[in-house]
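A lone chain, given as structure tokens: the form predicted alone.
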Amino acid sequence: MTRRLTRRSVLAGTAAIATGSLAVDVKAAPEAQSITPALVEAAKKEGKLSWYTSVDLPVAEKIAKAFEAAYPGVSMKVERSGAEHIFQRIGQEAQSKVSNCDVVNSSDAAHLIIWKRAQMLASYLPEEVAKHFPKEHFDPDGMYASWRVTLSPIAYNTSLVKAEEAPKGFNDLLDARWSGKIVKAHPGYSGTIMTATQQLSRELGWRFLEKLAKQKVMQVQSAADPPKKVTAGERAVMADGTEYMVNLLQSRGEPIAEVYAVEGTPLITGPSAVMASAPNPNAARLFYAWSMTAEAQQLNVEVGALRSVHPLVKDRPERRKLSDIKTLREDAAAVADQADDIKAR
């Protein structure tokens, strides 16, 4: 039976492994790197790369096909799972001295902090990131950057719940009339939900979650699952989930509407990074740099309903601007230190 790794054990276990080729000098800020013909040719010689991501599989596959179209001769293998499963897999591979992942993306920014501490990430700062991204959205040592941003709102089935009767905030979910009608995702599987849980427990207290647990809540895994359960009519309301899936379902005409809670909506960044032990380092750098360009970030918005911090990217016109939404503060460092305790609790 495979041993389940905690964040503390991953950090401790990989620290001893992260030597030699895995060691990273983070003393000096890296120079910004552009996509050069030499990099493209080196990537084509490798011919492939593996992308570990927690974004919904149809979205990930569209992104991969767009990259392959942009750079013929470099094929991408998408390895999609929940952020917590990806974290486990990378930790287990590192302890077994196996290197399969080239580029990693997680909906739990704390994972990137832990991997950086364990010297498992390669320093690479794309020119687009250095030039356009807000400073708080990329690591000063060039280890990772926010490939995507999403929110974790409340949502409801518009065929089952009238707009005026829908919950306006998280505390409204504790009303007896929502008993047996709520669905939520699991922080032990989803990085989005782990991050949202940390924010809600900080702002509303654990007492809120204890009360919510008494509401006969349907528990699912991925943050992409609650919106699907709501549109299917299996539950009338979702307590958490991911905004991008709500928006994608809306664009297909499904009966779902989001609610940005009066208390504030959890905001979740999804950083990406190149692995220090990437088996295809040039292809990894090419995809990572391309994924941060305005063109690729715009694709995230259009095909994935994700949000971007790139100032040249236009958001979906039908949804509320991020600046107009009251959001809760993300604290990835706190999640890195508290995640095992949050899961246990």
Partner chain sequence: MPARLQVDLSRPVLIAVTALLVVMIVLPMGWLVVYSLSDKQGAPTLGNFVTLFTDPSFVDPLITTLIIAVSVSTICCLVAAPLGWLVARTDMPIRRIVRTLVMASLVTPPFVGAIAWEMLAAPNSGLLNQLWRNLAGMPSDEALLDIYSLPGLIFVIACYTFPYVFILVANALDRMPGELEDASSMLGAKTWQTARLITVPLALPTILAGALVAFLQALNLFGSPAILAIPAGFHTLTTRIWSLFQFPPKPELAAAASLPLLLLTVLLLRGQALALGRRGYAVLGGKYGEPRLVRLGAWRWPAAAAALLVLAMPLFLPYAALFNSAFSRVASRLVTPDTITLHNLRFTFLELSSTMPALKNTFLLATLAATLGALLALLIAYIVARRAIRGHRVLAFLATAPLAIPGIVLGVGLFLAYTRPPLMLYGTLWILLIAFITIELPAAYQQLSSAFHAVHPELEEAGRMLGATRLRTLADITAPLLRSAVIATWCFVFVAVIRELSAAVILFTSETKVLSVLIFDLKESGDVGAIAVLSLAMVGITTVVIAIANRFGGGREAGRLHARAEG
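Being a predicted model, the structure only gives us computed values, none of them experimental. Positions refer to the first chain, counted from 1.
Missing here is the form predicted together with its partner chain; even so, the following discussion is about that form.
The closest non-hydrogen atom of S251 lies beyond 4.5 Å of its partner chain in the model of the complex.
Within this chain, L204 is remote from the site of its partner chain in the model of the complex, having no heavy atom within 4.5 Å. None of the heavy atoms of R320 is located within 4.5 Å of its partner chain in the model of the complex. Interface residue remark: K168 is not counted as part of the site for its partner chain in the model of the complex, having no heavy atom within 4.5 Å.
None of A232, A213, V262, A163 but one reaches within 4.5 angstroms of its partner chain in the model of the complex through a heavy atom, and that residue is A232. In summary, among the residues T158, Q119, S123, Q221, the only one with a non-hydrogen atom within 4.5 Å of its partner chain in the model of the complex is Q221. Each of S50, K77 and H85 places at least one heavy atom within 4.5 Å of its partner chain in the model of the complex. Figure note: of the listed segments 265-273, 126-134, 139-147, 95-103, the one touching its partner chain in the model of the complex, with heavy atoms no more than 4.5 Å away, is 95-103. Shown without its partner, the chain has K181, Y189 in segment 174-202 as residues with a non-hydrogen atom within 4.5 angstroms of its partner chain in the model of the complex.
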